[in-house]
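Heads up, the chain below is alone and in the form predicted on its own; it's given as structure tokens.
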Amino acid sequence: MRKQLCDALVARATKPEMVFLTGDLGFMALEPLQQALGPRFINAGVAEQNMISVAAGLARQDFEVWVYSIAPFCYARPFEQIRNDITFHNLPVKLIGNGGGYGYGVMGPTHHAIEDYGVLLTLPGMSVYVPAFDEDMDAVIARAGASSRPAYIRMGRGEPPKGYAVPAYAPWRQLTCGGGPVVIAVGPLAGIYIGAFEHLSAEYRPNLWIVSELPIEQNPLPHELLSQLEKSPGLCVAEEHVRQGGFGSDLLLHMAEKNRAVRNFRHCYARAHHFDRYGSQKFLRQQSALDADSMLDVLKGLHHA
């Protein structure tokens, strides 16, 4: 998604108040943005805490501020500065974390971002965007840029089946339809399920939904999704995020507060930070049973529940 991110930000670079900060990253990808912004493109170096405080100061002076780094270095290392300098003052700084989930697979747990949006959504006023497809970036940058709230954009890699017509961006989108359970996936993870689900008969094919904006309170569940949940034999939530503080628990709390029952709930999530062996994002998804074959096994269980 980096090329699409760069293109979307270059299109905004004509705004004289726009400033972009990077933590010494983006080489061989963000040079067009650097050329478009000139001195408003700032390499803050390997000093993420300072970068966040500088971003907050610029936002306080009414600049439109975007901050970019590998995801853990964008939210974990400078968490105190995000909390104290940005969210406590409700400053609309936009944090862009590349490599959400297990995106930096072989680089190990220091580079994995599997607790990011759960952590950040504990802070006041924070919004989270999780684009699912490369084609989503234009809309995500436009929506985040127009918001008066601080925001975190969790970037990954779009993985739709070959030839798939990506639907227009929306906080909630339905990707497959059928008479089976409801599956809600967060961000790019949904792309790896589309092909497997489309090969199922209509009777058993899940209603696959993707959510790309959090928290739920800002973008409530669509009426069609709520109607499907009432009739569904079960619900499965899939997210490349740890169980604690993830979307799954937030969704169940939301449904409980609305007095809506959820039958046969299953939660697929990032199982661990540490593994005996490290590999690609695909490999680590398999270790967490987030791959398409594991999801089909979950669906079989829901059918027989």
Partner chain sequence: MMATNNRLTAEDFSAARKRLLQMHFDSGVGHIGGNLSALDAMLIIFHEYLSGEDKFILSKGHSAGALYTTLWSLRRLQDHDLELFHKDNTLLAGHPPAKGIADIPFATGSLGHGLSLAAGTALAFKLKGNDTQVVCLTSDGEWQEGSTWEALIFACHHRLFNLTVLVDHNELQGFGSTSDVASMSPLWDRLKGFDVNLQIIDGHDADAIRAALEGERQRLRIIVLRTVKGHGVSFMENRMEWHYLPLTEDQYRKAIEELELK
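Bear in mind the structure is a predicted one, so any value in this text is a computation, not a measurement. Positions refer to the first chain, counted from 1.
Separately, the form predicted together with its partner chain exists; it is not shown, and the next lines address it.
Of the residues Ala139, Ile192, Leu91, Leu121, just one reaches its partner chain in the predicted complex with a heavy atom at 4.5 Å or closer; this is Leu91. This chain is drawn without its partner chain; in the predicted complex, the residue among Glu224, Glu203, Glu230, Glu80 with a heavy atom within 4.5 Å of it is Glu80. By the criterion of a heavy atom within 4.5 Å, Phe275 is excluded from the residues contacting its partner chain in the predicted complex. At a distance threshold of 4.5 angstroms between non-hydrogen atoms, Arg266 is out of contact with its partner chain in the predicted complex. None of the heavy atoms of Leu284 is located within 4.5 Å of its partner chain in the predicted complex. Interface residue remark: Ala270 is not counted as part of the site for its partner chain in the predicted complex, having no heavy atom within 4.5 Å. Here the marked residues Gln218, Asp250 and Ala261 all miss its partner chain in the predicted complex; none has a heavy atom within 4.5 angstroms. Residues within 4.5 angstroms of its partner chain in the predicted complex, judged by any non-hydrogen atom, belong to 46-54 and to none of the other stretches in 241-249, 275-283, 46-54, 23-31. With contact defined as any non-hydrogen atom lying within 4.5 angstroms of its partner chain in the predicted complex, the contacting residues in 4-41 are Val19, Pro39, Arg40, given in sequence order.
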